[in-house]
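In structure tokens, the next block holds one chain alone, the form predicted alone.
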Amino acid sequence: MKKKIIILTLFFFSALLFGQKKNEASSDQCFICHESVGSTEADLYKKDIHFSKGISCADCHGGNSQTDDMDKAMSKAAGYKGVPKGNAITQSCIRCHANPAMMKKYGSKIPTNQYANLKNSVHGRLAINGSEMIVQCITCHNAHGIVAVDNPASPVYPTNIPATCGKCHSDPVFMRAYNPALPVDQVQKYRTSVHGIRNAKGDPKPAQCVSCHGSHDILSVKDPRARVYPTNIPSTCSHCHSNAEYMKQYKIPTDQFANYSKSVHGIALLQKHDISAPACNSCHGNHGATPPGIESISEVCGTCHALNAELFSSSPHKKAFDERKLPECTTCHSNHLIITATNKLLGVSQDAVCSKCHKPNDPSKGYMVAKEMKQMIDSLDSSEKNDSALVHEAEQKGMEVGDALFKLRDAHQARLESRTMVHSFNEAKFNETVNKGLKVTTEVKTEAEAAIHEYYFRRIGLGISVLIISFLALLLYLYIRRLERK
């Protein structure tokens, strides 16, 4: 019996509280009047989250909502403001949304720093009329039909965000007034991406505009604090792609960021802060982000490594890779974990990439060619290293080795060219490049050894000259002493 009384008591107070909130909205004479005349705003406001919280029209528009006398309700004495314009719109919103105490009063846990972020964002700048911000709260959230962000009807619900952002960013006339260089096809490209396709199918998890650019705190891509600044892009993508639980349903790896961080590209970007180094979007695209297909990988890599891609496209491996449906660059160099290319990749050792396909019993010449190319390039490396030591020794001894140093740069260039020429997989072309370098190293070695030989020749000659001069001086000294005695 006591249990029933407690339940009935709780039910009574819940009903009373709900009825009080409902009554606050239903006693709003502004709303009642506008609803009676079939106002669109009133119809929208019935679905508004503020309506469910008991917030009246007067809380935003001012005036007295408790009287049905229009003159009294809309009098300036009652604080009536009418329809807010420009920044006055946002100022009306932040009366509550920038006030922690007020938000707590309504049981809201959403942040209260949105306005501060908005002011410092690209959207917080002055509009072309110079009197208000580019974006107001209602630009994205609507005015009278505002619903929670997790409501699929909200303009800022993940599946609706591309269209919401596209209202401005896909309008060439509007965007030309602010930044003519900014593309207006981002939404169109996004719809072709893996993210965009899934988003269009109703999946709210894939990345959309806000996922990468932020919401209230959107900054210029040139701002080092922006989430899409080159050095920040990997961590931005990693926010989802390194989350195994979040990515579980998509069945793709989540170690891309860990591998990229250790790669030659990741070290250049994240450790050396070289913003010209490729980030995720350099290969996958940004708004049109899609994993490169087998046929397009060489084109993606070839954007930077143009000569390598050109040589590979005319090599015998091109046909072999196409027949086996192997991705061109990544088969040998990997994708996210790309290490610095060294001579170890070439040849037939266990660590060499050539040995993955070419075995000792390979009927083609591949095995022998890989073995010979490795020997040739090792010979060039060794010669350059030894010659560099000889030239350095001669230079330290004070000998003139300007020409040898200049030729040594040619040998180094030949070594770099030989690494590029590997991608042709043409023995004759590769040997021609290596032999050019070996010829230079031979000349450098001859000049360096001649300089060192001349150094020692001068030292020996100087020593002999000192001895002769010393001997003559001694004879002259003895002769003078002899004359003095006489």
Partner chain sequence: MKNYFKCLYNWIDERVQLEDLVKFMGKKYVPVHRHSIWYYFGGVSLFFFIIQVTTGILLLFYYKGSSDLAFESVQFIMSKVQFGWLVRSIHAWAANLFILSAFVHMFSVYFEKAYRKPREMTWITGMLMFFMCLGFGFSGYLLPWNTLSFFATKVGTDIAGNVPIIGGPLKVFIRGGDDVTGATLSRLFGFHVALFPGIFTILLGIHLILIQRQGISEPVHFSEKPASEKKTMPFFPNFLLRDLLLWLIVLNVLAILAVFLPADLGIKANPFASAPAGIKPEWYFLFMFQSLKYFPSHILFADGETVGILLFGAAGVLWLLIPFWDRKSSRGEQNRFVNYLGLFAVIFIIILTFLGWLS
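All figures in this text were calculated on a predicted structure; none of them were measured in a lab. Numbering follows the first chain given and starts at 1.
Heads up, the form predicted together with the partner chain isn't pictured, but that's what we're talking about next.
Residue 46, heavy atom within 4.5 angstroms of the partner chain in the model of the complex: Answer no; every heavy atom of residue 46 is more than 4.5 Å from the partner chain in the model of the complex.
Contact test in the model of the complex: residue 398 vs the partner chain, heavy atoms, 4.5 Å: Flag for residue 398 set to yes.
Residue 439: touches the partner chain in the model of the complex, heavy atom cutoff 4.5 angstroms: Result no; residue 439 lies far from the partner chain in the model of the complex.
Distance check, residue 53 to the partner chain in the model of the complex, heavy atom within 4.5 Å: Looking in the model of the complex, residue contacts with the partner chain do not include residue 53, since no heavy atom lies within 4.5 Å.
Listed range touching the partner chain, judged in the model of the complex by heavy atoms within 4.5 Å, from 456 to 464, 424 to 432, 56 to 64, 38 to 46: Partner-contacting stretch among the options: 456 to 464.
Residues in 207 to 243 with any heavy atom within 4.5 Å of the partner chain in the model of the complex: Stretch hits: zero.
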